[in-house]
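Coming up, as structure tokens: structure 1 and structure 2, two forms of one and the same protein chain.
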Structure 1
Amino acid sequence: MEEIRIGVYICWCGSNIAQLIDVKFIAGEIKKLENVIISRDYKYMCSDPGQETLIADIKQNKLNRIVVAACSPRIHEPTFRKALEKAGLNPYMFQMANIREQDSWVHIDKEYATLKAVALVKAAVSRVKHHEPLNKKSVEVNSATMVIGGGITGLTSALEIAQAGKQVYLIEKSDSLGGITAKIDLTYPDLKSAGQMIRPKISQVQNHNLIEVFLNTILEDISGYVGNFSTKVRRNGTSEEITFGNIIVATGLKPFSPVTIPEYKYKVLPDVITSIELEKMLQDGTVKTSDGSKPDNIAIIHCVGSRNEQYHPYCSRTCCSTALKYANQLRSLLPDAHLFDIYADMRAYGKGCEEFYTNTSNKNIMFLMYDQKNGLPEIRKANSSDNAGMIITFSEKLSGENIEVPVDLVILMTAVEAHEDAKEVARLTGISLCGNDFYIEKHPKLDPVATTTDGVYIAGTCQGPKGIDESIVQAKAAAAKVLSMIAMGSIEIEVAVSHVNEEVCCGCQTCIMVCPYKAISFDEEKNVSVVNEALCKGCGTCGSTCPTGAIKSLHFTDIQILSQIEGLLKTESETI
């Protein structure tokens, strides 16, 4: 049997770990353990010099197992596995101990945090002794792509992929392309025509021979795995099956309906309208009240349904800059009107938007501030003596006064929210939702358009509120990820998956019922369960519920997990 030779590396992570944890003490303690040949501390193990040190040690000292104590494995486990491969060592002969998120970031006592780090590293050392090499597997990639959503994001992704010579299936549930962007008059902060931007894209998509557009279409089912998906789509009463290798979800968001906010009297007072309704007026070239007259006093109210725990706690991000856009458009159309911008906080983020705010404030527009914690502005019908159609009453935060604003027209800057079918799309595509029903990316910085389901990407506002420019950037990023996979021709799949011992399997099919990835099927002839390794994510749910112990989770075997627990408990008993 090969001698076990372990190398252990304690990362400082700059000061993230070293500020609270004595990394040199840990390295010294771990060096005393059996089978540990090298125990080092290093400022940044993930850096190129850090990885080169690791590679050199493996080669020079014939190390066959590696432990790195650093940050979350979600961030840099792939980095260190690649380093092992470069050194000629199987990447699964590696274990990572998280002493940043699970230790230095959650404690204030340096001595205790250091002892805890020692325990975590000893547990990793105990576990890695039982690691086994796993061999890579790959699957061929179908070069077609399905894009869900026909707004600016979906159109951009589809064109990027099709212009690279690859087939695209564009699925849109409505009867037209363009999404919300097609309903906008001008964009901010440059006040350029949205139509001149979106209409050419729609035309290019509709006329591209490699893009098949499905309007009024519903996804019935999606099956398969990265590189080899298939779906049934229903349109015009008929069902059709298409196959593809990757999915881009670009379903966008929808405007919040302010009917549920009693203070604003939407649908009660006819001259209280939403931002989308104002856009239609602006596209028609006239802004008027319900009786057809020109409004002399106009108010724009921000944060309608957003930044409010009763409705939506998040900021919709684009509302403030869009409100500034309206103020400019209304000033141009109605130069003599009194304009009131009633905001909670002015969040004009993005390139050129703060300057846009400054320029707008110089156009004879009255900016008034309210605090949602002190109540929302309340709209009521005016009396005959008020010389206006409505009165808005609220506590003005900057002056500290309770004020009344006479208005003829009120524009509500409504929040954006997830579509009603967001959960169904998430279920079909195998992606996750946050508490606000936005789709969750794999990592907000390192992999912002990927998801935890290989081959499924998200882009645009379905991931969270954002502007047109950011949506287009994400659309191109998702398309680039897809094209890079197609260019490779095949894709490596996870090998830390479940395996069924057919001699022990009793055929109860419990594993099939609990598998969240639909990765297990039943072989009627053999009367055993079978794992599709391309679909399996190694979550271990099947193994934990198997009554006969027939299912083994590779890289998370019983002996590996129990050894890790024993290493941890042994350290704690030594400390007591």
Structure 2
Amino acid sequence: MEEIRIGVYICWCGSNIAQLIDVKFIAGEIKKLENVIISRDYKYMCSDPGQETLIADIKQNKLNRIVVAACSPRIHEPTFRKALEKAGLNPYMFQMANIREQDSWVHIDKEYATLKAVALVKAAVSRVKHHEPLNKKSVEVNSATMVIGGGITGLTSALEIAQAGKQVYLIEKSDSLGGITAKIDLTYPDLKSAGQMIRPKISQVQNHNLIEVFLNTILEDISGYVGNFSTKVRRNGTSEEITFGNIIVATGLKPFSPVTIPEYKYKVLPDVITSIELEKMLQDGTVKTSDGSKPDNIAIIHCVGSRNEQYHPYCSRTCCSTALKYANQLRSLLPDAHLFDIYADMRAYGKGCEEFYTNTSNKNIMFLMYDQKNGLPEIRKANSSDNAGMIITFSEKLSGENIEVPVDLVILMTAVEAHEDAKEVARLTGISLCGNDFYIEKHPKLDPVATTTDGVYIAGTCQGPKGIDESIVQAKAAAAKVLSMIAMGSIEIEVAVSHVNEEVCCGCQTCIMVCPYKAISFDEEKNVSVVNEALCKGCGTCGSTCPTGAIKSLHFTDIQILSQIEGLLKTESETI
């Protein structure tokens, strides 16, 4: 067996790490460990020169194991693995110690933080001794794509891919395409017709010879892995199986139901309606109250269910500009009506939206500001002397007065929620959900349409509230990722998979039961379990379930983890 030669690098991350943790002390402590040939500290390990140092050390000192103590491995593990590869070392002969996110950024006491860092690095060192080289494997990519959701996002993604000449399966649960966009009359800030935009897209999708549309269809099951997925879809009671290489999830949104907000008396007072209900009226060109009369006073209330811990803490992003759009439409339909726009912060952020706000301000609309921390506006039925159907009362922020607004019709700008199917689709596709049930992207900034599951992309409002234009851009971005992958033709797959030692496996089949990906099958002849490496995602559950210890979860083997534990606890009584 070759001699173990470990290089250890402690990153300062500028001052992010170095200001709390004594990096030089760690480097010194680690230098004392067995098999550690090099132990350095460096300002920015992730930088080009940092990586160059690492590569040069590997080459000069014949290092065969590397430990970098820096930020979270979720950020830079790939970076350093690439550097190892560049130096001719197997990228898995590497271990990171997270001394930033889980140390210097969360602790205050320098001594403890440093001691903890030493422990983490020692753990990494003792773990890396047991690392084994793992080799990359690649699989062919099926050029077909499944798009889940037939709203504007799904349609755009489908078209974008089909127009590049690749097969698309578009799955829609309802009986029609178009989603929420089809229910919208106009868009902001240019007052374009949503219908006029989406109708041709729908017919294009329906008539495209490379797009197969599945309406009234639900997904029963998704199996496979990046490049080679298959699914069972059920349509009209019959099941069929389709295979494809990538998935774009665009399950869209659901409007929040304001029934739960007592102040607004939605469904109690008949003339309190939601934005979607107003859209219908606008499409028909007649806005009227429940008794059929023309409303003289109309109020639009923003942030209904948004920006409020009780309902949704997040901002629903589109409502402010949508409210401005309604103000315009109501003004043209009812030139003499008094319009009140009750907002919290006017978030007209998009291109042309601030100008739209300015122009709307000139249309004789009374803008009133409220602050949720002073309570929500309260709607009550008016008295006969009030000369209006309802009265809204609240504390107006810009005048500092408690005011009453007489109204006949109230429009609630309801929040945007993740679609109710999002959870189920997330389960099938392996996407993670954030606290608000929107999908979590692989990286919120740099990989906003990818997910942690390879080959599964998200686009549109399933990721978070956004406007039609923004959803379209996201749909295209997701399509770009898919097209890239199709163009490449093959893709490297997970290497840290499970491995069955056939010498030990006795065929109890417990592992088969626990595998979430059906990646393990039973070989009757040999009486052993067999792992399909392309299907295995490396969760390690089988490894921890196997009673004989025949299954090794590569890169997370028993010995690796046990040594890591040992390393972690070695520093017990040392002090600086």
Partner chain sequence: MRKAVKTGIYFSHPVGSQAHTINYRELYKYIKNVPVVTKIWDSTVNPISDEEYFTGEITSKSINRIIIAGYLPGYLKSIFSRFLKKAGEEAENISLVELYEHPLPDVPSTEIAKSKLICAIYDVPYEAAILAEMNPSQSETLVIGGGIAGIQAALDIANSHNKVYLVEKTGTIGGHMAMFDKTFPTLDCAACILTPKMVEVSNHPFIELMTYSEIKKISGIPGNYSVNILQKARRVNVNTCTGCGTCAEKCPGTSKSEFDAGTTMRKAIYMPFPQAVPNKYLIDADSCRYVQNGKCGVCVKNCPVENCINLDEKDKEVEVQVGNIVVATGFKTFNASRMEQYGYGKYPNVLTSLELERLVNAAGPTGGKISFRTQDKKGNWVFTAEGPEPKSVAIIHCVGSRDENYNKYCSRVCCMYSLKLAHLIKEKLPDAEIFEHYIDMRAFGKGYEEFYDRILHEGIHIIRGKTAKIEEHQDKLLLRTEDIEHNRILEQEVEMVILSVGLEPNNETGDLASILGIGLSANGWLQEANSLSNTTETSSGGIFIAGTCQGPKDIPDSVVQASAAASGVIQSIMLKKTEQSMKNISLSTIESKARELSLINGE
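When a residue number appears, read it as a position in the sequence of structure 1, where counting begins at 1. Only the largest set of C-alpha atoms that superpose within 1.5 Å between the two forms is called the rigid core. From a predicted model like this one, the values you see are computed outputs, not experimental measurements.
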- prompt: Looking at both copies of this chain, which one is the form predicted together with the partner chain?
  reply: 2
Core-aligned C-alpha movement of V259 between structure 1 and structure 2, 2 Å or more: no
- request: Look at E503 and decide if its Cα position differs by 2 Å or more between structure 1 and structure 2 after superposing on the rigid core.
  value: yes
task: Note yes or no: does the Cα of H76 move by 2 Å or more between structure 1 and structure 2 after the core is superposed?
output: yes
- request: Provide the displacement, in Å, of the CA of E494 between structure 1 and structure 2, taking the core as the superposition reference.
  value: 3.0
